[in-house]
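Coming up is one lone chain in structure tokens, specifically the form predicted on its own.
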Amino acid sequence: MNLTLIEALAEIKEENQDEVRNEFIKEYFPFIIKKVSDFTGHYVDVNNSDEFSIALDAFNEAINRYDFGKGKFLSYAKLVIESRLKDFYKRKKNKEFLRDSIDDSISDQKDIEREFILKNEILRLSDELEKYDISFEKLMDTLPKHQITKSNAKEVTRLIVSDETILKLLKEKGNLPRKEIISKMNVTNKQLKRSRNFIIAMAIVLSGDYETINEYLDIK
């Protein structure tokens, strides 16, 4: 490629030149592969690697978002690649955690079809909770430790599920509509903040298509 890095970036961003973009990305394949290899600690098979595909998308994202006035492009691209790979491993870890948890909880369950349905519900729930920045590990770490706290959180959940306006606000905002809840219940902002993850997870399950999970969890 005859253009310098900065010249190529400028042409891509100003004129939206797909041909130049593709050539630019191919030229930096060794850079992308090295960053993936450094991150994963092993050889990268470019033809069969989720990590490499994610890194390619991240490199392209870096091109789109790069600001010429804020440091070197390759340093910025490295940060974007690492961030996207971390997100990928976080999601992968959450789903593996879910599968392991389900395997443990239904080890004596002989109904294969029921097991399949439950696992799919768990994976759907994991994806849905990501919208609220809740992983299953985070949920387990923040479960109410006292019975009274848990009981109060369940009462809040019942209110949310029974009130269409509050439930809609929860899903639109991606967070608890505390003002609306407090106006209808004798609960404090501190209590809601402490039990946020538990309340949201229960509300999503109770208001969604998670019939099998409902049977395993004491949330009614």
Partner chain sequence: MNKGVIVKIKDKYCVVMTQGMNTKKIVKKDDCRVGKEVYFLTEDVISSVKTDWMRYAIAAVLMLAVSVGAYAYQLQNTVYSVVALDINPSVEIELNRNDKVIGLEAINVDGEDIIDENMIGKPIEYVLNQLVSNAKFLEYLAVDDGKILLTTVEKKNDNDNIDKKLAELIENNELYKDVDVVILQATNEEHEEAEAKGVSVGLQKLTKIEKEINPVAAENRTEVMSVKEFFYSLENLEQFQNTEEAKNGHVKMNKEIMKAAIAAHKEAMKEEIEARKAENGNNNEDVDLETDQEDVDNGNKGKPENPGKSNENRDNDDEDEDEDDEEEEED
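What you see is a predicted model, and the numbers here were worked out from it, not measured in a lab. Positions refer to the first chain, counted from 1. Here the rigid core means the biggest group of C-alpha atoms that line up within 1.5 Å when the two forms are laid on top of each other.
Below, we turn to the form predicted together with its partner chain, even though it does not appear here.
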Task: its partner chain in the predicted complex: contacted by all of Ser135, Leu139 and Ile213, heavy atom 4.5 Å - done: yes
- [ ] Considering its partner chain in the predicted complex, find the one stretch among 185 to 193, 61 to 69, 167 to 175, 24 to 32 with heavy atoms no farther than 4.5 Å from it.
- [x] 24 to 32
Open item on the list: Residue-level contact is defined here as any heavy atom of the residue lying within 4.5 Å of its partner chain in the predicted complex; does Asp57 satisfy this criterion?
Closed with: no
Task: Touches its partner chain in the predicted complex: Asp50 (any heavy atom, 4.5 Å) - done: no
TODO: Give a yes/no on whether Val161 approaches its partner chain to within 4.5 Å in the predicted complex, heavy atoms considered.
DONE: no
Open item on the list: So in the predicted complex, is its partner chain close enough to Arg114 to count as touching (4.5 Å, heavy atoms)?
Closed with: yes
- [ ] Sequence order please: the residues of 197 to 214 with a heavy atom within 4.5 Å of its partner chain in the predicted complex.
- [x] Phe198, Ala201, Met202, Val205, Ile213
TODO: Superpose the two forms on their rigid core, then report whether the C-alpha of Lys173 is displaced by 2 angstroms or more between this form and the one not shown.
DONE: no
Open item on the list: So, superposing on the core, is the move of Val205 at the CA at least 2 angstroms between this form and the one not shown?
Closed with: no
- [ ] Indicate closer or farther: the Cα atoms of Ile134 and Phe39, in the predicted complex, relative to the displayed form, with a change of 3 Å or more.
- [x] farther
